[in-house]
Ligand SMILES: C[S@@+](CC[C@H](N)C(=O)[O-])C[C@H]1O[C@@H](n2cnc3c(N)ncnc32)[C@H](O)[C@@H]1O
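Quick setup: one chain, the form predicted on its own, written in structure tokens, and binding and motion questions come after.
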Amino acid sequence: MNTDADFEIFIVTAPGLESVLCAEVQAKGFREPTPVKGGVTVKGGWPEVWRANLELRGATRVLARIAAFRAFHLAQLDKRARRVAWADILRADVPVRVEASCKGSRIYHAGAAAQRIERAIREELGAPVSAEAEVVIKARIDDDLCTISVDTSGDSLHKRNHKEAVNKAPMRETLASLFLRQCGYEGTEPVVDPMCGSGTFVIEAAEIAAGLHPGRSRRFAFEQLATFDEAAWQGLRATGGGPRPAIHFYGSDRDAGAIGMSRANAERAGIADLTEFRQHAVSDLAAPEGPPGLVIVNPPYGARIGDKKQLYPLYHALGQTLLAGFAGWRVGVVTNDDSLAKATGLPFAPSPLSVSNGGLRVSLYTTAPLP
């Protein structure tokens, strides 16, 4: 693999959100974005890999596809894996591990396939193999075609590293950002979350408005690769942030602990000056002064917290409060149950966006500006 040449970069997201992520990838100026099952592919080189990890809010991880070949049996896999230009990509002094998956192929034992590729790397490059290695090579053997990628992210990209405090059943930052985008949020209007938990929606919205890169506070696996250029990376990291927006972002929750967590998280994220968190019940919610914007909320739901029957009054109170006091505001509600969404009495658009969140199917219900 010529390290200066373009290759395919696979940007992973939660199933159901591929087209929403594709819109973000397109807006960020990546080349040839194509939604595929489980994510989006783009074309680019290593600087695009670094930028995808740093800038894309909806990406779960970024895989650089470094080789592809046919392999019908393990001996052939061994031989062809040795021809991959490992020294162009991996460092001989950095441990590596291999994860393999096999589907509809004559090679059907994923563990044996992973061992062959690990041995090829160890013997051709001299890099140590370790089960704890930060650098992971992913081999997918599908219909006898072996695609080899390097996971350039390391920890999942929802771990922004400036949010330490989380409450039960938190919304992942990656998912929150794509839900904001699906609601039409572009960083130019206020956002209110009346059940803010640890503040994820409010903090994501404020960061977007302030032009801050989601990956600014963390490390990535690509920093351990032979292709890494420290000076170019530091130049890229310095590009985030602009003038502070005039708009503010508001979270409330009836739980004092949640408000404390939200304030601490906003402080760590560097956007405490743009956010306000207050403790009160949903029924005490009032629209902030100024132009209307977006109310987005991830209320409790049956399979996540508590008993569904007890939740209908809460959803009804939420809907009534918004209908009475939030004319001109759009609303997004995340729940796993259509009957709970209906209990709000809000005029939701048909066909909510459905996605898997931690093994649970959830949907984003959205409205046009409320009358």
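Residue numbers here begin at 1 and follow the sequence given. All figures in this text were calculated on a predicted structure; none of them were measured in a lab.
What follows is about the form predicted together with this ligand, which we do not show.
- Comparing 196 to 204, 126 to 134, 147 to 155, 177 to 185 against this ligand in the predicted bound form, the single stretch with non-hydrogen atoms within 4.5 angstroms of it is 196 to 204.
- Contact check at 4.5 Å (heavy atoms) against this ligand in the predicted bound form: all three of D253, H280 and P299 pass.
- Under a 4.5 angstroms non-hydrogen atom cutoff, this ligand in the predicted bound form lacks I121 among its neighbouring residues.
- Contact check for P292: every heavy atom lies farther than 4.5 Å from this ligand in the predicted bound form.
- Heavy atoms of A221 never reach within 4.5 Å of this ligand in the predicted bound form, leaving it off the interface.
- Mapping the unseen interface onto this chain, G260 falls outside it, with no heavy atom inside 4.5 Å of this ligand in the predicted bound form.
- Of the listed positions (C102, L77, L225, M171), a single one reaches within 4.5 angstroms of this ligand by any non-hydrogen atom in the predicted bound form, namely M171.
- Contacts between stretch 326 to 352 and this ligand, counted in the predicted bound form as any heavy atom lying within 4.5 Å, involve no residue at all.
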